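Listed next as structure tokens is one chain, alone, in the form predicted on its own.
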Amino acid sequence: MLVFISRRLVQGLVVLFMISAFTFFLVNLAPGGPSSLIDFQSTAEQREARLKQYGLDKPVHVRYVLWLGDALTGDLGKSINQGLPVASLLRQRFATTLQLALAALFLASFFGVLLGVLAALYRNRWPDHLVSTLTTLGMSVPNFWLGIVAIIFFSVQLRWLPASGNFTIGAKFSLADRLAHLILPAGVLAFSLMPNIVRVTRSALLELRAADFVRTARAKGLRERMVLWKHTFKNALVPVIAILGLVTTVLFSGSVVIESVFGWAGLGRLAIEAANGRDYPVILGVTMLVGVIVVLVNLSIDLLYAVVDPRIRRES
């Protein structure tokens, strides 16, 4: 087991190194990169001072080595636009994005597995057709359009939920207020994540219901519900857990759009603000933080395999 974990950690570190190198060189070498911060209409002394201020007087590979060395110690530089440490900005926004991500992941997992089980139990009947229609909508409707429709319907027309932000400005802290602001963005994001979980759950259950050990359980006289929960569902969790690792990647990319639509002050909105303002240290910081999160989530998924399926534990 230790060898398995060590191998996954090494693979994760290699992935993070590749992400950092690719992002750094892409940002620095692409048109409109950090060199665009230099005003070439200024004097030579002013340009030289500006180059030294941002470290642009050194070759790009030297700058990458220096940045990587600082990043390993937790120093991600300072924001060009705000003048604050990038690590501090990430800490402020990470908690907000984490709330949205966990809420959306919980809703997508709970309802995705539930609807997948329902579709498998009533295969080719009206519940299965209804679930199939919902999953098709979830995969085909864009996040931003669904978010706008949700705001118009629930906030403007019905006035049940707030339209934007993650809390009411000027009001005292209230858990009910935070939850009210969380429902719409988390629900919209979960609706786009749920279809993959539904389909994997349904397919896994249908495949296992035709397995030999399931037929043996039925032959012993066990009820269908007992066969489903005791013999089928646990084995079907392995592919479901696998899809959760992929869903996490989509989760953070989708949160960029959702945070913009709902004015949610998280990492996604910070990344858009940094891109619009050419705040390259912040862009690098957000990219690396999301990369670390995805690597850690996938490592956790690999460990869950061993918990759910003992065969994987013995092989590792």
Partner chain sequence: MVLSTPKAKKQSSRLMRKFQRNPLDFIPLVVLILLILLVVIGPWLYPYEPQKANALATLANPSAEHWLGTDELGRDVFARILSGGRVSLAVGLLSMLVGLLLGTLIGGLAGYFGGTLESLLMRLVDMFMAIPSFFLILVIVTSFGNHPAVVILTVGLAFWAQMARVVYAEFAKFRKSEFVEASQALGGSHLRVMVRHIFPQVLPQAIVLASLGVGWAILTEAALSYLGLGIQPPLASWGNMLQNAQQYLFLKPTLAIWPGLFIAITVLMFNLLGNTLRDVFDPRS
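If you're wondering where the values come from, they're calculated on a predicted model, not measured in any experiment. Numbering follows the first chain given and starts at 1.
Another form exists, predicted together with its partner chain; not displayed. Remarks below refer to it.
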Just to confirm the contact call: exactly one of 114 to 122, 236 to 244, 145 to 153, 68 to 76 touches its partner chain in the model of the complex at a 4.5 Å heavy atom cutoff, so which is it?
145 to 153
Indicate whether residue 13 is a 4.5 Å heavy atom neighbour of its partner chain in the model of the complex.
no
Its partner chain contact in the model of the complex: residue 272, any heavy atom under 4.5 Å:
yes
Taking heavy atoms and a 4.5 Å cut-off, does residue 61 contact its partner chain in the model of the complex?
no
Closest heavy atom of residue 206 to its partner chain in the model of the complex, within 4.5 Å or not?
no
Heavy atom of each of 2, 9 and 300 within 4.5 Å of its partner chain in the model of the complex:
no
Just to make sure I understand: among 261 to 289, which residues lie within 4.5 Å of its partner chain in the model of the complex, judging by heavy atoms?
261, 271, 272, 274, 275, 276, 278, 280, 283, 286, 287
